[in-house]
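One chain follows as structure tokens, the form predicted alone.
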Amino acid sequence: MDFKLTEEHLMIKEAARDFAKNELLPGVIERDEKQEFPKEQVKKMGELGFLGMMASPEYGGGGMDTVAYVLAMEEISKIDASASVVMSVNNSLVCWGLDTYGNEEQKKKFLSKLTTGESIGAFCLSEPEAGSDATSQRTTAIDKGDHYLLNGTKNWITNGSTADFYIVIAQTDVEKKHRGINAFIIEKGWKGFDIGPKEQKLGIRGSDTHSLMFNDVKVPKENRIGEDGFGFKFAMKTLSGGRIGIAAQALGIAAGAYELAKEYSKVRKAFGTEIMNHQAIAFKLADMHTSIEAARHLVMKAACDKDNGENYDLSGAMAKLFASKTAMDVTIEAVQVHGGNGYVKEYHVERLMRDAKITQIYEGTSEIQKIVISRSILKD
């Protein structure tokens, strides 16, 4: 498959790289230490069009393809995965979901603000007992005639306290099981909607992660996305696209760590020569580069499948599975190449190693990706 990039693709990639180096790199270590949300940087991402890349231009989006999106995600993730996960959720789960399945009124009211960064979105599926299993939702939205009454808890929600709009997956009719699930747009500040404390995380510490509690929250009927019972399909399709974004994030984390390790190997000396001249280090770099290139091809394949209107459930799951493992493996080796300095914050690779682990967990763990893959390859 030919993954030749267009001139527009190259321009987007370069713009994302420049933004990451000029806007995200300064202060990235301090934001990680303080668990500080990159508020100003995210605002600039919105102004530059990085928060609504695939959405329709009619609603302020960039109208770009998935390839452009993953190229930008990779470059942003090389520097700051906390910023790129905001970009991922807003693009893949919120804006794409609304642009694809929302009605005209919802697009005008919500999407037009999300694409520009005027507002930030959150996707609320995970629960304390259900995780990312959309079929086991305990959160309920009971039909009360002119509105729904929402009750339940969602956890591990990215942009938990910084979002303005929340897409919440809830069970409307338990008897119908997955056919009784709906997706709703919830606005911050509604009565009965409370935000829990910020989670203390190993990695992506600048990301804003909270649990959300809903206690008799009144949701207008017009805030339901799609027809009654559409919520399960909505969640599955948005998660499939979300996996491509997370695969691109994992790829970026791995590529960023590799680039740092390669440059370090050219200046660090041991036993009278630069360590890149030692076979032990050179072989590590060769393995890292090979794994990254393989991951990049899987990510691009998934992006192309989505852009070509083909089923991308399998390719997206494979991309996420392999890219997230690559991120973990490469960042560990990058720390090793740096030796003792790799354990020190100022060299960045220890942060990238901590950030890498989450890519094996969110949007479905590696084990869930294997379930998706195995079901796909064994169904025929």
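Residue indices: 1-based, along the sequence shown. In this text the structure is predicted, and so the values were computed from the model without any measurement.
What comes next is about the form predicted together with a small molecule, which does not appear here.
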Check your understanding: Looking at 72-80, 268-276, 150-158, 289-297, which lies within 4.5 angstroms of the small molecule in the predicted complex, counting heavy atoms?
Key -> 150-158
Practice item. Give a yes/no on whether Ile204 approaches the small molecule to within 4.5 Å in the predicted complex, heavy atoms considered. Key: yes
**Study point:** Interface membership of Ala15, the small molecule in the predicted complex, 4.5 Å heavy atom rule
**Key:** no
Exercise for review: Examine Leu125 and determine whether its closest non-hydrogen atom to the small molecule in the predicted complex is within 4.5 angstroms.
Suggested key: yes
Review point. So, in the predicted complex, is Ala20 in contact with the small molecule at a 4.5 angstroms heavy atom limit?
Key: no
Practice item. Counting non-hydrogen atoms within 4.5 angstroms of the small molecule in the predicted complex, say which of Ser119, Thr209, Gln106, Thr139 makes the cut. Key: Thr209
